[in-house]
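Presented below, as structure tokens, is a lone chain in the form predicted alone.
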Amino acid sequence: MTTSNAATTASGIGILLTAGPAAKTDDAALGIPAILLPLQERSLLQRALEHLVRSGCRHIHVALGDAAAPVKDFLHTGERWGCRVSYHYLDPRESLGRFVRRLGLAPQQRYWLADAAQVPLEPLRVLADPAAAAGQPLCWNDGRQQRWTGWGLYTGTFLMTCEMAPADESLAALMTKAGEMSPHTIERPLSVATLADLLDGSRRLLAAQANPVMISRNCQIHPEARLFAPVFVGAHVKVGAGAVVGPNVAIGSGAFIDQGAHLRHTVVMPDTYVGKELDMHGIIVRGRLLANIALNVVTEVPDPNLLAELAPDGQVPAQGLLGGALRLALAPLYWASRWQMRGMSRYEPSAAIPLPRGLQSEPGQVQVGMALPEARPGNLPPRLGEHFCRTFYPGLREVMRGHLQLVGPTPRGLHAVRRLPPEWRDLYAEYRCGLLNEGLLQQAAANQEDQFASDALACASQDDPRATLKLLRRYLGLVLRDLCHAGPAGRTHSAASASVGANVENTSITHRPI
């Protein structure tokens, strides 16, 4: 960003309004404050802070409104952006002057005033104008009149005399037309005053990007999918066969566009599932929430086959690394056990296991190529050699992808989860399933109460690496003992084939919520 002499005339202090005059009716229509909705991976709040930092501000006073907690959680201390952030609550009826006086600013210094709901599209290029004794506002022309952006470089004296609230519409006239002002005209800023503005801002960012088709890291785009510029595809996005994306489409990180979907002039927020053959034009989607800009309505789509919120694929790095290391180290044991159980197929039919969604409504699901363990009838001991071949080793791939933990509740099919008591369904909604738990190592079939107790214990020990390694060592020891004492090849496979696969559910969806 180039600011010329602006940084030398400013004090290095900025004032950022997060509930300013532009944040109005649609502020939380999609479930979070609009200034936190990502546009090409960066929200307007982040863009505003970056503009201030690049303009020389090293200390930024953030005025908080009703959405204080998410703003503070996102900005934190400001260290990530190379600045220091101080938070102050701003009552909607409090005047801007009174708020500035509380900050203890110097009267003769110049300070950046910024509204996070209206952010300049281009880097700030305000030059110091000696004739502008009071301030230099940034304005844009809508074809009829000059309008204030909510941004400007003002003296402390002028800011302290503003006796109108930031939400007062007459404040804009004061900030641009007062005496000794030198307005600077810029291009229309990005705005979140309405969802239509949000969609238009995405279109303008797409037009301004360096590459017509921007694809981020770790994306999986099917060879039969078609992309029409301009398009932005975030990290870890999956696009299915036959999908048509573009023009003017921005897809957030972690989203999944299923087979045959057709997206035009649309914004897909991160971790959102878009169903098969779904046709969207002029839409903003976040999870199950769909905003139709033409109709000016926001609705929740109840059918998860159309739209849904995906659980983020992010996994604790140590778990993913340990899963990969185990997959390499245990490869000889896997092939030795497969030889001993020759005749057994490499993978059972794909099984759908639950994914956690924190404290929200229901877990999502993911389709994996592994058999789900099932309690064996009577007093037959569990055949851990079979479990190692059919479930544990194939499941390590899902641990690397973040779909499973090494230790956690027993993976169950979706219908099996729905049949559980409500309190245990909540357990599956809050914790990631695991390949191991105490119930698996029991030498006799556990009853349902014992299985629940084992699941609860696994949830309590998920974040304890020592407990994980101890359970893993016990499990591998039992697997070796089981393989050493296994009967003839084929008997092991046939004895448990009916029970091991009994809980498997087939589905054609590769990755979607329930």
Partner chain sequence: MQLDIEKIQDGQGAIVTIRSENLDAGNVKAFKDRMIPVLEDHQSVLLDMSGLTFVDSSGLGALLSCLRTVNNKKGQLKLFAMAKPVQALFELVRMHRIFSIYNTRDEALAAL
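Numbering follows the first chain given and starts at 1. The structure displayed is predicted, hence computed values, not measured ones.
Below: the form predicted in complex with its partner chain, not depicted.
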Interface membership of residue 292, its partner chain in the predicted bound form, 4.5 Å heavy atom rule:
yes
Does residue 299 reach its partner chain in the predicted bound form, with heavy atoms at most 4.5 Å apart?
yes
Flag residue 122 as yes or no: does it have a non-hydrogen atom within 4.5 angstroms of any non-hydrogen atom of its partner chain in the predicted bound form?
no
Within 4.5 Å, heavy atoms only: does residue 96 come near its partner chain in the predicted bound form?
no
To verify the annotation, which of these, 142, 163, 187, 277, has a non-hydrogen atom within 4.5 Å of its partner chain in the predicted bound form?
277
Considering non-hydrogen atoms and a 4.5 Å limit, which listed residue (138, 75, 307, 249) is close to its partner chain in the predicted bound form?
307
Taking 4.5 angstroms as the heavy atom distance cut-off, pick the stretch from 79 to 87, 326 to 334, 212 to 220, 259 to 267 that is near its partner chain in the predicted bound form.
259 to 267
